[in-house]
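What follows is one chain in structure tokens, specifically the form predicted alone.
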Amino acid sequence: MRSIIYLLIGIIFGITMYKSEAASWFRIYEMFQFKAFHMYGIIGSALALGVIMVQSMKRFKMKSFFGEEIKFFPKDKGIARYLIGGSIFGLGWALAGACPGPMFTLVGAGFWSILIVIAAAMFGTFVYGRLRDKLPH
């Protein structure tokens, strides 16, 4: 039953991404050229909603679907890890014209060439997994 719920949430998320043009290469290109506020508005709204949801989960001690308390652990502080990782992520996003969420939305919309980008993203994730213990964190 939970799988069906997750699938429906994913479908609704994909439709929202497509209809809001967050999966549009043109909108992403506009964003990286600082020509339009559209994507920054979407990202900013998601960030604000995320902060509100995380604070609500902490304050009201919400539980997961499995009945376990949701716990948040602080991450190690370090500017280099976020600058380097964010730069690599941003460059990949700019080159591919899609971040991970919309990549799958684009497959659902019938843009089959994005499968090359998905394969490259999976390969990059594999390489990171192999090199993780050798990288500065």
Partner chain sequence: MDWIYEPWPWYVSGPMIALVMFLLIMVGKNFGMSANLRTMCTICGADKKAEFFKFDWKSQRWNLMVVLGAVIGGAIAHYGLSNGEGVQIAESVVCDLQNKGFESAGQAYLPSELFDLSALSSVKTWLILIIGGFLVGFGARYAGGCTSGHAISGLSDLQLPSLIAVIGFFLGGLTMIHFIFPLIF
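The model shown is predicted, which means the values in this text are computed figures rather than measured ones. Residue numbers count along the first chain shown, from 1. Between two forms, the rigid core is the largest collection of C-alphas that superpose within 1.5 Å.
One more form of this protein exists, namely the form predicted in complex with the partner chain; it is left out here, but the text below deals with it.
Enquirer: Is F37 a contact residue for the partner chain in the model of the complex, using a 4.5 Å heavy atom cut-off?
Expert: Answer yes; at least one heavy atom of F37 falls within 4.5 Å of the partner chain in the model of the complex.
Enquirer: Is there any non-hydrogen atom of K63 lying within 4.5 Å of the partner chain in the model of the complex?
Expert: Contact check for K63: yes, within 4.5 Å of the partner chain in the model of the complex.
Enquirer: If we define contact as a non-hydrogen atom of the residue within 4.5 angstroms of the partner, is K75 a contact of the partner chain in the model of the complex?
Expert: Yes.
Enquirer: Pull the contact list for 77-95: residues with a heavy atom within 4.5 Å of the partner chain in the model of the complex, in sequence order.
Expert: Stretch hits, in order: G78, I79, R81, Y82, L83, I84, G85, G86, S87, I88, F89, G90, L91, G92, W93, A94, L95.
Enquirer: Once you line up the core, how about R81: does its CA shift reach 2 Å between this form and the one not shown?
Expert: Yes, R81 moves 2 Å or more.
Enquirer: If the two forms are fitted on the core, does V107 show a Cα displacement reaching 2 angstroms between this form and the one not shown?
Expert: Where the cores coincide, V107 shows only a C-alpha shift between this form and the one not shown that is less than 2 Å.
Enquirer: Since the CA distance of Y6 and K75 differs by 3 Å or more in the model of the complex, is it closer or farther than in the form displayed?
Expert: Closer together, which means the C-alphas of Y6 and K75 are at least 3 Å nearer in the model of the complex.
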